[in-house]
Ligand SMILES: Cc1ncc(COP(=O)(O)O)c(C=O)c1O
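Next comes just one chain, in structure tokens: the form predicted alone.
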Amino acid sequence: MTSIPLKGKPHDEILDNMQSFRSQDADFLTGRTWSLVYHLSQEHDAFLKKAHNLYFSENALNPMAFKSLKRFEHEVVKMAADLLNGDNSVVGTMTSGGTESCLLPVMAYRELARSKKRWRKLRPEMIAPESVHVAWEKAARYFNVKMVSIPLKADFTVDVDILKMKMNKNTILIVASAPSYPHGVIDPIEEIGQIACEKHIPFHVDSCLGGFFLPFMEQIGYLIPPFDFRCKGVTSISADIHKYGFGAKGASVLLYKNMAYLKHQFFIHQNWPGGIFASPALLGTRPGGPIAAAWAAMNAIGLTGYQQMAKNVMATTERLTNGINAIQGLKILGKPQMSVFAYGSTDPLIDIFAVGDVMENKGWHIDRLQRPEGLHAMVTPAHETVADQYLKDLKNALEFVKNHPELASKGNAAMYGMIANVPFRGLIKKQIQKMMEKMYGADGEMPMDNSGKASLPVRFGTGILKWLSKKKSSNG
């Protein structure tokens, strides 16, 4: 049992302990991670910390008490609206991150539907590509909206023909990605927007990943298909400032075409004994630091700074994707349109998850995809100096896996391979549920692999292997 210490410890001792605890964390400062953290520079981080800490204690719950935070939020919303080609009617709020920016539109559009008499006895449904961020699945569950998932075409964009077929009288929302997290491709926003407009269905563009990157690519000469408020039918857009906007975690912006949509996001309760309560977004207490740091970041970097960032990141991305395609046995999946991409194996004898294991042994933090199986990367300025080393290590890892095919049946490779291919997906969910219960249980047990690294539990993978073997034996 861990208890609060009887007597407080010296500040220096506590800070030293905290620093030592970080030794096992992913190393993002040297470009060894390919997700989770978007690092611009040490200098920018130091500036963000100062801006954040100026508002360390302030609470944006009450804009009347902290008018400066309301000013920051308003100006961030207006700058984002301008960046995404909105007009003067575009309104919005800041949120705690991409997940909140996905949750709120589902709730808002559900409430919009409920405000119309014909919806009151219908079960609301939302339509989204299979590749849409998983936060939308969470939103559907939280707000009791049925998720209708649309399959992808060969290029990993949503199949619009099937999307049109799945629309019905219960559809309250269509979602598409710009770009999708798994493959970095932009769904056909203009085409979907036209359909949404004709059917009078709200249409949200999830640009949490690309909202603060794609516009700058377009400004420096890249051909980017329209994805923002220029597209007829788009009623809302989400964009994360703490990603390529390089604000502090967590800061996102959620924009609506006008107040007729945003007003359904507000929560107001007038009969609470504690007073009249009004909240514009999901949180009650709204930390002031991320709001202030977002405003500071956008003003500090400026348009030309973001354009130069996009130029540098895309040069690194093209170096990486060209280098991966040049490695025999590997290929980029689809045609990524931004700085996020995935790649897989073209050789059935090469297990891409085993390649990922070898890369992790070389010190890289590797993200894995399924359906199809692949490895994933999001490029930031931190990767410019390590791209060549990554390609060199990747080529060597591939050769090592070729010479050691048994790696496919060991460690994380076997586990992730089974997870990706087990036909009974409910089994996977139950096993992950057990893992989560252990991680967040009384002992806080972290799943470890055989080398002592935090991982999905090896016993999970082994258990599935044994289960499959039994099924195969019982079927003859």
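Since this is a predicted model, take the numbers as computed values, not measurements. One rule holds for the numbers: they count along the sequence shown, beginning at 1.
The same protein also exists as the form predicted together with the named molecule; that form is not shown, yet it is the one meant from here on.
Visitor: With the partner left out of view, is L209 within 4.5 angstroms of the named molecule in the model of the complex by any non-hydrogen atom?
Guide: Result yes; L209 sits at the interface with the named molecule in the model of the complex.
Visitor: With the partner left out of view, is H383 within 4.5 angstroms of the named molecule in the model of the complex by any non-hydrogen atom?
Guide: H383 lies outside the contact set for the named molecule.
Visitor: Check whether D240 has any heavy atom within 4.5 Å of a heavy atom of the named molecule in the model of the complex, and answer yes or no.
Guide: So D240 counts as contacting the named molecule.
Visitor: Test of understanding: in the model of the complex, would P290 fall inside 4.5 Å of the named molecule by heavy atoms?
Guide: So P290 does not count as contacting the named molecule.
Visitor: In terms of non-hydrogen atoms within 4.5 angstroms, which of the given stretches 179-187, 355-363, 142-150, 384-392 touches the named molecule in the model of the complex?
Guide: The contacting stretch here is 179-187.
Visitor: Here the chain is shown alone; which of H264, H133, R368, K257 has a heavy atom within 4.5 Å of the named molecule in the model of the complex?
Guide: So the residue touching the named molecule in the model of the complex, by this definition, is H133.
Visitor: Within 4.5 Å of the named molecule in the model of the complex, heavy atoms considered, which of G323, P372, G97, G334?
Guide: If I apply the 4.5 Å criterion carefully, the residue I get is G97.
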